[in-house]
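In structure tokens, the next block holds one chain alone, the form predicted on its own.
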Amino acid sequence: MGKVLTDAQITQYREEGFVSPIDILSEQEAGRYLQRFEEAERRYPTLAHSHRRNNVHLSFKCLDELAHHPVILDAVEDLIGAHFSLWATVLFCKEPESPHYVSWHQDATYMGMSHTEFVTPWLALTPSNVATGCMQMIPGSHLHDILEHEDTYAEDNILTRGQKAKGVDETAAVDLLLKPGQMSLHHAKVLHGSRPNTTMQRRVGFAMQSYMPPHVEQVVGKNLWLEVRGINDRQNSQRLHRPEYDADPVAAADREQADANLDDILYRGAAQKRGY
């Protein structure tokens, strides 16, 4: 039995590459975080929008709090141990009746890490279901090699390159249904994607991508990390700063550097670069 996860949930993660749902916040608490985020979004529109969705935790205090939420961190510790750092975060906001989707892919494909044993929590701030375009996972796909991915640059595909894994058996897919305040955890190599939001409600998800133990190092790009829990000594690494308040200039400068580094990593060798 872990701090948060049961033995059965830990086994599911090991065998299937994901576990869901996990209760983190009440629906009322999730609603308050959503309200704080959308208020900050309105006040600082240049800091969070469809083409600037990475590392918003370095700009908005509410997302920084979520990235350090003790229940989330305890669940992560149950899977990868007591020492880990945060690499980046991604806001996945699907607007009402949006055609945007996420193609089948494996996170570790373009992240440029030395190992693939790391975990991503995905926290729902609004309902994430089939109609709103919830995540889908292929159970057990993390136990195999990373598949070949094709860069499609499809207009409605919100991945950086529109990358799509080849040879995916979609009939094996599992829908991850989340209420506001619930999260999923998934492995760096598990195949996953999501469909468009067909409803009149905005779907907001916050991915903490990813928490990594200290033996995982950036081998493509700079080693930039937000220290979270335990001891995380990495050679030639730079520690990022948490924001003290929304649009904190110290953390904002770190975000500029982290976003530029992320672009260099994710678009390495790409035929074109998009705004994502």
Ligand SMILES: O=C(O)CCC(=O)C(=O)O
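Residue indices: 1-based, along the sequence shown. This structure is a prediction, so every number in the text was calculated from the model and none was measured.
Just so it is clear, the following notes concern the form predicted together with the named molecule, a form of the same protein that is not shown.
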item: 4.5 Å heavy atom contact, Leu86 to the named molecule in the predicted complex; value: no
item: Asp107 within 4.5 Å of the named molecule in the predicted complex, heavy atoms; value: yes
item: is_contact(Phe118, the named molecule) in the predicted complex, heavy atom dist at most 4.5 Å; value: no
item: Any non-hydrogen atom of Asn197 within 4.5 angstroms of the named molecule in the predicted complex; value: no
item: One residue of Val228, Ala207, Val216, Leu240 in contact with the named molecule, assessed in the predicted complex (non-hydrogen atom, 4.5 angstroms); value: Ala207
item: Option from 167-175, 138-146, 67-75, 185-193 whose residues, in the predicted complex, bring a heavy atom within 4.5 Å of the named molecule; value: 185-193
item: Stretch 64-97 - residues with a heavy atom within 4.5 Å of the named molecule in the predicted complex; value: Phe92, Lys94
